[in-house]
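A single chain, nothing else alongside it, follows as structure tokens in the form predicted alone.
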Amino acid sequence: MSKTIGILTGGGDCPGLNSVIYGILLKAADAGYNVIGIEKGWKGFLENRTRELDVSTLDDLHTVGGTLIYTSRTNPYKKSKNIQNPIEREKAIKNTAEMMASQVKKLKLDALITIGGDDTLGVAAAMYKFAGANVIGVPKTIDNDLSSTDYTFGFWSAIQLASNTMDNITTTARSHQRIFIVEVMGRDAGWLTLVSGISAGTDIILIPEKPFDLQNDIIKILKDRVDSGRKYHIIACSEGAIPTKESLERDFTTISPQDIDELPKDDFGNPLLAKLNMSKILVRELNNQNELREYFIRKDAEYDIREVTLGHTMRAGTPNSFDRILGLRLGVQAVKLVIENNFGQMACLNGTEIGSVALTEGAQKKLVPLTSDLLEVADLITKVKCGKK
């Protein structure tokens, strides 16, 4: 009797999801497995929303953006996470994990491959830890913020989209002598903003890992750039970038610490930092800087500030070649792990090789280290554009 693999995709969509699905289908067909698509992530998993996937009808699926089985941000552990007592919370999570594992059997699946970020994979990791479920993970996030894999698929496609947009915005900034603040996705990790900002040659880069000082990290640099004859300026700002506590209290008039603390949260308890809209806040704060405005005027420079939020455009479109290939390889590896009965693992990229790591380890966050050479590159670009040697 042939065996059946279920696939679900959770969290935000990104380029390369269909590439992973196609890789799974290719290897599963070759190994004699049936494949069931579970629609709308964990939501569809709990609601029995499934359909058969036939690789012969999905030619070149790896070239198509998005996910053909849809996605959602449903968190099966949402109620459990709100329990304050740690012992009771873990007991509740265990009970939910056991219920989820029983659902795998109800759907008549021999294995479940979950494709997602730290939240989606965290759900799968608990299913394996507490109930021994036959689960495999594939790391997905355009933020590139999962540990134990060098890159997540979708990252480089999103980088290219953001970099191209900032390249285009530069021509408008130059023509009108404007300051553009470009908000890039990245709630906790600044990989997208940092790499796309360097790629596009932006003048200031703000990331979550390094809280900024409005006076030293923005206003002073803008003055130095005007002094060196620069007439336009591009600031790349992560959606999760925030000022230091000192700067927030000293420099900001349009938001307070309470505004940040009271942000709404998603099903996984993550603050919705995009709703803060730091790029708009910075536009308002800089427009209130009359001394800086007068400084620009004295230097015969325009003081016109605009913001652009890239938002979901970074998730859009078809995957680039790197993400197509990476997605296919990760999908094939996921099925190999199923064939080997090596469950509780996450497929990953280490150097040029595809391997695997324990789900509980792979679902952890990976932030930009403050010792990263990428930060040094960004600082050098800013420094030379300020006329510093």
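Residue numbers here begin at 1 and follow the sequence given. Since the structure is predicted, the reported quantities are computational estimates derived from the model, not experimental observations.
There is another form of this protein, the form predicted in complex with a small molecule, and it is not shown here; the text below is about that form.
**Student:** Give a yes or no for Gly186: in the predicted complex, does one of its heavy atoms lie within 4.5 Å of a heavy atom belonging to the small molecule?
**Tutor:** Gly186: yes, in contact with the small molecule in the predicted complex.
**Student:** Do His312 and the small molecule come within 4.5 Å of each other in the predicted complex, heavy atoms counted?
**Tutor:** Yes - in the predicted complex, heavy atoms of His312 and the small molecule come within 4.5 Å of each other.
**Student:** Test of understanding: in the predicted complex, would Thr141 fall inside 4.5 Å of the small molecule by heavy atoms?
**Tutor:** Yes - in the predicted complex, heavy atoms of Thr141 and the small molecule come within 4.5 Å of each other.
**Student:** How about Glu239 - does it come within 4.5 Å of the small molecule in the predicted complex, if we only consider non-hydrogen atoms?
**Tutor:** Glu239 belongs to the contact set for the small molecule.
**Student:** Among 213 to 221, 160 to 168, 141 to 149, 251 to 259, which stretch has residues whose heavy atoms lie within 4.5 Å of the small molecule in the predicted complex?
**Tutor:** In the other structure, the partner sits against 141 to 149.
**Student:** Of these, Arg73, Arg293, Arg284, Lys129, which has a heavy atom no more than 4.5 Å from the small molecule in the predicted complex?
**Tutor:** The residue in contact is Arg73.
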